[in-house]
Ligand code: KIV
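To begin, one chain is listed below as structure tokens, in the form predicted on its own.
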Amino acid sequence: MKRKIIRILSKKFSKPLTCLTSYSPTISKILDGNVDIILVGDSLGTTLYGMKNLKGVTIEMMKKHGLAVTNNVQKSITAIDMPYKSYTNKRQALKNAKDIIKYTKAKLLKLEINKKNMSIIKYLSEKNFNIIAHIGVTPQSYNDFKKIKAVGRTNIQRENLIRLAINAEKAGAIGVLLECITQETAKKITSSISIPTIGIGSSKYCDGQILVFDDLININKMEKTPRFVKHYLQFANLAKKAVQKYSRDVKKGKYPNKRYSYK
């Protein structure tokens, strides 16, 4: 598996990486082999549990959903998030990282990073964890997602983000996720490091892209979505029509007919 991880991440030098989130067996089976990396994201807090932010996501939530995903993935590489306040110091980070990876068997571990917790990456990397460093907009630090704005517009922000990515690589990270970072800054970050960058809202100037699967298919039929979200399917509309047709058939006595009944 280590060779497979290295081979996929080496796509920095060939074709862009494709990544999507999953929290369930059904979606995982659909994604498996069709994307390079499947992330069990802490976005499950808002997507599945209706939380206002990610601060209520727990280790146990990540473990249960993580196992449900990894048990149903054979071809893609699995990654999982460390939830809010689960890696505030080295001892806690190691304990929780071991717990999550041992339980789920996920291959990559993603942490939201700033200059204050850079040492956590180095420590976990030295313990043989495959770390993805998440920089730029880090959702775990927000109480209100409406206040999220793209970063990397100013020279200071740009320099800080580039330095953060470089230091993450030096600390042992095997990839860097860039969230809501401006095109120019994302391009400079990608050219400044030798490990892959995976973007979400960070332009085409990354070595790969990731989206939340529910956003991809517009399952929630959101009227207002982040600028970077592209809906590849209007699932909510299709599902609504299917439910309406089912209700009509039941009320009119068309379902279940003999075809759907036992003799």
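Quick caveat: nothing in here was measured; it's all calculated off a predicted structure. The first residue of the shown sequence is 1; numbering continues from there.
Heads up, the form predicted in complex with the ligand isn't pictured, but that's what we're talking about next.
Visitor: With the ligand left out of view, choose which of Ile189, Ile181, Leu177, Ala173 has a non-hydrogen atom within 4.5 angstroms of it in the predicted complex.
Guide: Exactly one residue meets the criterion: Leu177.
Visitor: Given that the partner is absent here, does Gly41 sit within 4.5 Å of the ligand in the predicted complex, heavy atoms only?
Guide: Residue-level check for Gly41: yes, a contact with the ligand.
Visitor: Under a 4.5 Å heavy atom criterion, is Val212 part of the interface with the ligand in the predicted complex?
Guide: Yes, Val212 sits close enough to the ligand in the predicted complex that at least one of its heavy atoms falls within 4.5 Å.
Visitor: Is there any non-hydrogen atom of Leu31 lying within 4.5 Å of the ligand in the predicted complex?
Guide: No.
Visitor: Is His134 a contact residue for the ligand in the predicted complex, using a 4.5 Å heavy atom cut-off?
Guide: Because a heavy atom of His134 falls inside 4.5 Å of the ligand in the predicted complex, the answer is yes.
Visitor: Since the partner is left out here, which residues of 188-205 would have a heavy atom within 4.5 Å of the ligand in the predicted complex?
Guide: Result: Ile200 alone.
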